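One chain is shown next in structure tokens, namely the form predicted alone.
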Amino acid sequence: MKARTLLSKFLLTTMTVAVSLYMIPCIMAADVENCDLCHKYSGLGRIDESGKKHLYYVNEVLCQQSVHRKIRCKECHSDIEKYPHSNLKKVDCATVCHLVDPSTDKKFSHANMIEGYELSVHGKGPEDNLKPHPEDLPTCTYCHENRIYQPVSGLADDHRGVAQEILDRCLGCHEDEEWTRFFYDHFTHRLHQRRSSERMVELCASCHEDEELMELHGLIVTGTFHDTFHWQAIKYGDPNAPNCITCHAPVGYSSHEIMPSDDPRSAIHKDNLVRTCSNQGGLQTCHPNATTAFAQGRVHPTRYKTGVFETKMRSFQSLFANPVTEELTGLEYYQHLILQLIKYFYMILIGGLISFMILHQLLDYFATRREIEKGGLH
């Protein structure tokens, strides 16, 4: 019995040491700076002087499945010098990281994207002519998060994911499974749409439906996109339905370099609208036979408030209000007026029809009751 007990302890100790030796390189590879020592606690955070809550918890499992899993924490949080941290600056996404771009053999950086982004409608503008209220403009992390790679799934699965069968083919030549899985995940991750069309509209609308914010920056509220056929198609799951990026950054354009509509580089510039509406070379089949006249239609329906151009539903009294001449031409105004008349006609027609149906049912109900009381019906 004593010998058996000693043997059990020996085997248990051996297994523990073996597992520990196996796990050490994995842990070191995942978190060489030991940041997870503190950041693994879900309650780690603070409330600043203004009452804003800051959460510093990092889920290590999810982080190791994300697109940044090969990046050390200090490569982005480069100003951390002491523990606990203090007076930290926001992460600069243009920082050069240790990953090497295999197409150039140079260290990777998002700097080229950020340079173009700062000159776009969402950027702060050139250094010598910054836009007012830069604090309102979206940062990289407002639209992007540390996304999780698609899970490995079977070819027959309904949910999105990468296929184990195809990964096995890669492993036939590339012997290092960790390296192969990482680059396979990266490649297939880029083949998927990052967000569903519904989520994309929700993201853009989080700013562009804010009346106060848009007014502060001299922009038009685009909340009436939810009144369009495009949105109805998205809402009911049409895979061919266009979202904001489909039109503002179609094939040949970058979502980081969306330009104002009056800029010739913009996808919605008057000279580029036909190509944008036809979506030539894109995966979606939009309007392949689009003409110049077709492309002049407004995607975001317009409404008027007396003397003010805006994009919200208004009452009948605003139907004949004078539009701001800088926003609409005379032809566009009369086109809008005709559309409004048609809409109000159908509103009155449908409302009247339903009202008459209700009245008819009520009259039929009272007539039936009267017949029952007279004994004519059983």
Ligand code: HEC
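Keep in mind it's a predicted model, so treat the numbers as computed, not measured. Throughout, rigid core stands for the largest set of C-alpha atoms superposing within 1.5 Å between the two forms. Residue positions are given as counts along the sequence shown, with the first one as 1.
Note that the form predicted together with the named molecule isn't included here; everything after this is about it.
Colleague: Looking at 235, 195, 265, 275 here, can you tell me which has any non-hydrogen atom within 4.5 angstroms of the named molecule in the predicted bound form?
Modeller: It is 195.
Colleague: According to a 4.5 angstroms non-hydrogen atom cut-off, is residue 189 in contact with the named molecule in the predicted bound form?
Modeller: Residue 189: yes, in contact with the named molecule in the predicted bound form.
Colleague: Is there a non-hydrogen atom of residue 151 within 4.5 angstroms of a non-hydrogen atom of the named molecule in the predicted bound form?
Modeller: No, no contact at 4.5 Å.
Colleague: Even though the named molecule is not shown here, does residue 99 get within 4.5 Å of it in the predicted bound form, heavy atoms only?
Modeller: Residue 99: no, not in contact with the named molecule in the predicted bound form.
Colleague: Quick check on residue 183: any heavy atom within 4.5 Å of the named molecule in the predicted bound form?
Modeller: Yes - in the predicted bound form, heavy atoms of residue 183 and the named molecule come within 4.5 Å of each other.
Colleague: Going through 63-97 from first to last, which residues have a non-hydrogen atom within 4.5 Å of the named molecule in the predicted bound form?
Modeller: 68, 71, 72, 73, 74, 76, 77, 80, 83, 84, 85, 88, 89, 90, 91, 93 sit within 4.5 Å of the partner.
Colleague: Fitting the rigid core first, would the Cα of residue 61 be found 2 Å or more away between this form and the one not shown?
Modeller: No, the C-alpha moves less than 2 Å.
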